[in-house]
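Quick heads-up: it's one chain on its own, the form predicted on its own, in structure tokens.
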């Protein structure tokens, strides 16, 4: 059940007002380029947490495009050359990414790896790319060049100028896989937090949802402008405040519009999606940020998910699932 409840003051994700009978156990690890945590609220074998982190490390190993040994890096090196056979997990996630790109009319696009590299938001030296380079790469970003063969379990990028990047869907997917693994071990109440991709397993208590705070872009970490109530669901937030740099008085954030290759210029500062499908929530948070509140609202209603957005004018837009 998804019931966004507003507390106007304002964004990272944190779990609020937890009061469970068992002493919670929390573990931290840096994975998928972010600080991750798993908190289990059931008394039980802490080895479940270690097993879950091992599972996420394996997902990271397969999906990180920056790691030369990953399956995504192999796909990218083979772009325009040949298909690459992958395991079932990688294939299903790539197939889901393609499906969601089509469903969002390209507002979410998993083929922006080359553009992301051009912008180099992770580099200490920030420079705005040449407009002609951006335009050239955008002309190649066509989801049709992502060719999947389910029988061979292979992935092929037909255009050598295109690079696959699952960064806008992998964390949401991983948080759900982690939560499902904990559930299979008998854990009933847990929080998996992958740097703003939160999956709430079970509920906080009998007839009581978890309360997830949404980070205020203008406040120090821990300050929130709204809360979301949910059980057995993911809460995924995308915001322009998360990674950005300034050049000549102009700020550039990391959420790129696949249609232009430039940072998305919509009326949204932050948007959170609530869904029992972690991959869907992750991809839609990016798509909705790109689209802006009006189109995002239509998209979320059509897909039956909850949305909570903060606009550039300070308005809060809420959509219940």
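Positions refer to the first chain, counted from 1. Predicted model, so just to flag it, every value in this text is computed and none were measured.
Another form, the form predicted together with adenosine-5'-diphosphate, is not on view; read the next lines as being about it.
Contact here is defined as any heavy atom lying within 4.5 Å of adenosine-5'-diphosphate in the model of the complex, and by that definition each of 167, 254 and 258 is a contact residue. This chain is displayed alone, yet in the model of the complex one of 40, 290, 269, 36 has a heavy atom within 4.5 Å of adenosine-5'-diphosphate; that residue is 290.
Site annotation in the model of the complex: the residue of 146, 107, 93, 178 reaching within 4.5 Å of adenosine-5'-diphosphate with a heavy atom is 107. Taking the partner from the other structure, adenosine-5'-diphosphate in the model of the complex has a heavy atom within 4.5 Å of a heavy atom of residue 116. When contacts are judged by a 4.5 Å heavy atom cut-off, residue 157 does not count as touching adenosine-5'-diphosphate in the model of the complex.
With a 4.5 Å cutoff on heavy atoms, residue 226 does not count as touching adenosine-5'-diphosphate in the model of the complex; it lies far away.
Within this chain, residue 242 lines the site of adenosine-5'-diphosphate in the model of the complex, having a heavy atom no more than 4.5 Å away. Residues within 4.5 angstroms of adenosine-5'-diphosphate in the model of the complex, judged by any non-hydrogen atom, belong to 168-176 and to none of the other stretches in 168-176, 226-234, 137-145, 209-217.
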